[in-house]
Ligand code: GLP
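Shown next as structure tokens: one chain only, the form predicted alone.
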Amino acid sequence: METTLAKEYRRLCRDPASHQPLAYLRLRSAIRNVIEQRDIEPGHALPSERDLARALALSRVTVRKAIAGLVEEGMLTQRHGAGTFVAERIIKPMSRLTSFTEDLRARGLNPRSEFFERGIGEVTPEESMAMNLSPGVAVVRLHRVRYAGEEPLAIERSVVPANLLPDPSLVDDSLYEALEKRGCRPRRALQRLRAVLLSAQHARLLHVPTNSAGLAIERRSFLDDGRVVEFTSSWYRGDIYDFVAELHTD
């Protein structure tokens, strides 16, 4: 990887179209390019600052500044005492209605949840409108942080009608698995995504700096008969998740 990166850095130095007179910006672009070209795979380590500085005839301050920008962008991660690594991103297709747990298990990751709320209450006006429920109806509320192993990935607030899920303790990791056991797994969903800057509270729970890039997602899921079975608001880390949609002309 060190040789490939050195070649890309020198190519950018010779390229007048790069418009990057500062060495740390050229190095940042070179690292980004080799990552995007998959010359170094997600999860793999970069050469040390000392090795990069020696190979490219740069100061360690320049190398450190280039890497710091990519860490801030979420392309690289740093582990104390271990080095700098290419961030491992999770690709979430938007063409299939799957759960967080199913997505992570399919990638060989270990999903788990840390609950802040798991109880029953009366539907709020906002929930009533979103789920087409009458005032006073009982709903189950689940508020949790979703993890892959020890890494927090998302915060979720889910609401489900209590007549479909009468006991919130039935939900361990996967809400959809609990619903499927009761014969009311969602069959379709409407989902809205928007880019956000994570608040101090959300950033603390997700172990990222305040105002880090995130994705806010609102989902309403339906049964075959049109009833809303789930109303979920989620906040995902923007440095880990890519949401991908397949588009057609017809």
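The model shown is predicted, which means the values in this text are computed figures rather than measured ones. One rule holds for the numbers: they count along the sequence shown, beginning at 1.
Not pictured, yet referred to below: the form predicted in complex with this ligand.
R146 belongs to the set of residues with a heavy atom inside 4.5 Å of this ligand in the predicted bound form. Looking at T101, you'd find a heavy atom of it within 4.5 angstroms of this ligand in the predicted bound form.
The shortest heavy atom separation between Y9 and this ligand in the predicted bound form exceeds 4.5 Å.
Using a 4.5 angstroms threshold between heavy atoms, F85 stays clear of this ligand in the predicted bound form. Three-residue candidate spot E156, L175 and R219; every residue lies within 4.5 angstroms of this ligand in the predicted bound form by at least one non-hydrogen atom.
For this ligand in the predicted bound form, the listed stretch (116-124, 76-84, 138-146, 161-169) containing residues with heavy atoms inside 4.5 Å is 138-146.
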